[in-house]
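This document opens with one chain alone, in structure tokens, the form predicted on its own.
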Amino acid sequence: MTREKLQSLSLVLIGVIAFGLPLLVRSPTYLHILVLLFLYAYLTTSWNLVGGFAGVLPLGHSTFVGIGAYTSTVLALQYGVSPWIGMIIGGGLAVIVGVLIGLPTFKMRGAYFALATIAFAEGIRVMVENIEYLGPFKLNGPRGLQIPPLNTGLANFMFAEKEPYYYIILVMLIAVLALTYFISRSKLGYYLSAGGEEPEAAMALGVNVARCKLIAMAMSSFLTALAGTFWAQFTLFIHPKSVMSLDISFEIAFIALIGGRGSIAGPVLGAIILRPVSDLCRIYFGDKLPGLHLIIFGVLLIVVMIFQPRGLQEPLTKLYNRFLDRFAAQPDRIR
């Protein structure tokens, strides 16, 4: 069997396991943890388009989660718009906000860019937290919005069980991973990588680095906002600190950096490692030691940056490639 066939077979096997997990995991608690794991893998993969390939460090993506969550929820509660339609509208609004944030901030470098995105994110969160009405739309300030679980079903993006949410976010994750794969092998992906590593050299070769980063920011904002709608429909209650908190932005960045930013597998590996830690800390130490998971993430980040600065995906990818090469070479030995 060739190396390519072995690689395809391994991916199919992973897919079969992922789609079959709800048949084995019947506990709603563990399914809830798995849904959040896939959700953060999706969020981090979306972030990775700009935070990984473009070589910058945005720390305000919780803004786009909040825009997606609030847009679909407000439209559904006040105007009867399907959350599926509200999801797309929220994604469009997130693109506008993302581009407006990116236009001035992409001119900054290093820590200045990260601090600027934090300032924008916190400013928008505080504004939403202190506004009851935004024009004709009722945001309800710090009290948030409750989604009544009345009409369950796919059309209303609302279910009584965890399994439908599991499969929806799994499909969303597979779709964004596929998109990331094609972008990484496209002209845009090469331009982003070049602009992220050596922007001056890329511009000297005629690459419009700022334009490429804005395109990546627009795509990342749109995809992140879709996750915001999913979050709202999954929890059925949103408020500024739950969907626009900087904790979300930091956790996404931690997952990407520890897993391996700029790679396809890194965000998924990071989520598999860190999300269970986050959920278990909240379950067992949430009242006594709030924020413990972020401290653990910080320690892990220090260790990984010292010993594996390109993230955990690098040694795991090398190990995976070794296995592929070994098994792919066996038929040649037999002959």
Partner chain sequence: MTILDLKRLVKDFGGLRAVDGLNLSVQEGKILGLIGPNGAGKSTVFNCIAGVYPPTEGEIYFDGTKINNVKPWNLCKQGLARTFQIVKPFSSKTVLYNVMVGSYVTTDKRSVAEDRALAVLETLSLLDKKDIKAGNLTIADRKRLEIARALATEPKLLLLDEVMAGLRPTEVDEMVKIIMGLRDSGMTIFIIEHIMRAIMALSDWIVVIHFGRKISEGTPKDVASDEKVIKAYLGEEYGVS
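Numbering follows the first chain given and starts at 1. Keep in mind that what you see is a predicted model, and the values were worked out from it rather than measured.
The form predicted in complex with its partner chain exists for this protein as well; it is not shown, and the discussion that follows is about that form.
Asker: Where does its partner chain sit in the predicted bound form: which of 141-149, 106-114, 203-211, 126-134, heavy atoms within 4.5 Å?
Answerer: That would be 203-211.
Asker: Though its partner chain is not shown, can you say which of Ala218, Ile101, Ala194, Leu93 has a heavy atom within 4.5 Å of it in the predicted bound form?
Answerer: In short, Ala194.
Asker: When the contact criterion is heavy atoms within 4.5 Å, does Arg310 count as touching its partner chain in the predicted bound form?
Answerer: Although its partner chain is absent here, Arg310 would touch it in the predicted bound form, with heavy atoms inside 4.5 Å.
Asker: Quick check on Gly189: any heavy atom within 4.5 Å of its partner chain in the predicted bound form?
Answerer: Judged by the heavy-atom cut-off of 4.5 Å, Gly189 is in contact with its partner chain in the predicted bound form.
Asker: Looking at the partner-bound form in the predicted bound form, is Glu198 within 4.5 Å of its partner chain by any heavy atom?
Answerer: So Glu198 counts as contacting its partner chain.
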